[in-house]
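Read the single chain below, which is given as structure tokens and is the form predicted alone.
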Amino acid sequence: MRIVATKKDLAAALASAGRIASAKATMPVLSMVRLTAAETGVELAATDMELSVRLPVEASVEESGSVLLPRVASDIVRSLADGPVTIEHRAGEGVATLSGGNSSFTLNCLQAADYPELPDVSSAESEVPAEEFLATAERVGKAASRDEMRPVLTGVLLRLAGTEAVMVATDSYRLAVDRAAVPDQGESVTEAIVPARALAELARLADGQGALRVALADNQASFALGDTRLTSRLIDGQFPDYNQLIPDEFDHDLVLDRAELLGVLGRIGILAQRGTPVRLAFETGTLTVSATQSELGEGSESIPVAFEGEAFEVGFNVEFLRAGVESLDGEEVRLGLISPLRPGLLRGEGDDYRYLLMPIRLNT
């Protein structure tokens, strides 16, 4: 096998595939990237048995073949001088050569025949606008849990029905819901829990334009952008009923300037460390944001708000609160509140995005 590609194209493809290859694999082949050269073109593939990717590489094929390359190949290609890069491997040998400019490397490799078969999802695909779908996934995915002890919460609930894709994620402290417009799905309703990691990786692979093809099978999800395909194992389990968690009415429905609120949270949040909550104290016409850190000190800042009624104070995790505000579009933030012990809801102007945030009990 022998191929010649530009440094830019090859480095980008190897980096994308290398992120999927397992860094802690018990099977050595899973830490490798498969390179296949054929008359139809060059393809890189990688899997950790949960997530897999196939992506094309613009390259000249001088000799067909296949080989498993170590992930370090990506770092080497990126370090080379600009210009053509050549990768060569002789069938049956345990090394591959990689050269570009005045540099040449001989890398230990494995035989492609030892690589596991990658999943092939044969379900019917739904075509959706990539930019809106991936923007929705990114906003919602921030609320997904990273705790592998609760696998269902590490995923994003994806529901395709009618003319919309609904996405939901929660880590039990916050919950995000958003919708993306899609071509009419007819009467069919498809629902699955997709790992948040898979959607984040999909966003990295995409350029945000064009059409994205989505297929949801019994235990696999497949996403295709042109000739690039990402396949992920679905998460099995019962996702929380998000409709029952979001209140229909609030005692206070407040409108805040988004940029001003973000600035205040950024400044006061410096002191809200190590689990210290940021305090939001409401009284007639004013919101005072404050934080107290026993080892550092305290800070507060007030901004105007159309609040009326009995004064009260509520506490939130500042990073979670800021993430919700950052995810909103427009110049205004709507904050719905019921009481200091009930979750608050963030919404934007004419936006489908909903961000529900549990409060932190404050010590008076």
Partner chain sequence: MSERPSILHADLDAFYASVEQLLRPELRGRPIAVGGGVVLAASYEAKRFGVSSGMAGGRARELCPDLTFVKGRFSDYQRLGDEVMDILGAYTPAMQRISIDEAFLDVGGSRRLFGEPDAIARAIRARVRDEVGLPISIGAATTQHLAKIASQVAKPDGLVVVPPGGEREFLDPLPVGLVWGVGPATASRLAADGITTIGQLARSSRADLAPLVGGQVGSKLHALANNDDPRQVRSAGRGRSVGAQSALGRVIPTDQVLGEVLGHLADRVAARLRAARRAGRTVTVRVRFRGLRSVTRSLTLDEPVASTLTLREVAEQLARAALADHPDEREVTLLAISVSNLDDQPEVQLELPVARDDPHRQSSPTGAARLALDRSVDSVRERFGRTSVGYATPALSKRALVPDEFRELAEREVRPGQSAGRGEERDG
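Residue numbers count along the first chain shown, from 1. It should be emphasised that the depicted structure is a prediction, and the values quoted were computed from it without experimental measurement.
FYI, the form predicted together with the partner chain isn't displayed, but the following is about it.
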ask   = Which one, 91-99, 255-263, 75-83, 271-279, holds residues whose non-hydrogen atoms are within 4.5 Å of the partner chain in the predicted bound form?
value = 271-279
query = Can you check whether residue 170 is within 4.5 Å of the partner chain in the predicted bound form, heavy atom basis?
reply = yes
query = Taking heavy atoms only, is residue 213 within 4.5 angstroms of the partner chain in the predicted bound form?
reply = no
task = Indicate whether the partner chain has at least one heavy atom within 4.5 Å of a heavy atom of residue 174 in the predicted bound form.
result = yes
inquiry  = Please determine whether residue 150 contacts the partner chain in the predicted bound form, using a 4.5 Å cut-off between heavy atoms.
reply    = yes
Contact residue in the predicted bound form, chosen from 31, 327, 36, 317 - any heavy atom within 4.5 Å of the partner chain = 317
ask   = Looking at 245, 118, 181, 203, which is the one with a non-hydrogen atom within 4.5 Å of the partner chain in the predicted bound form?
value = 245
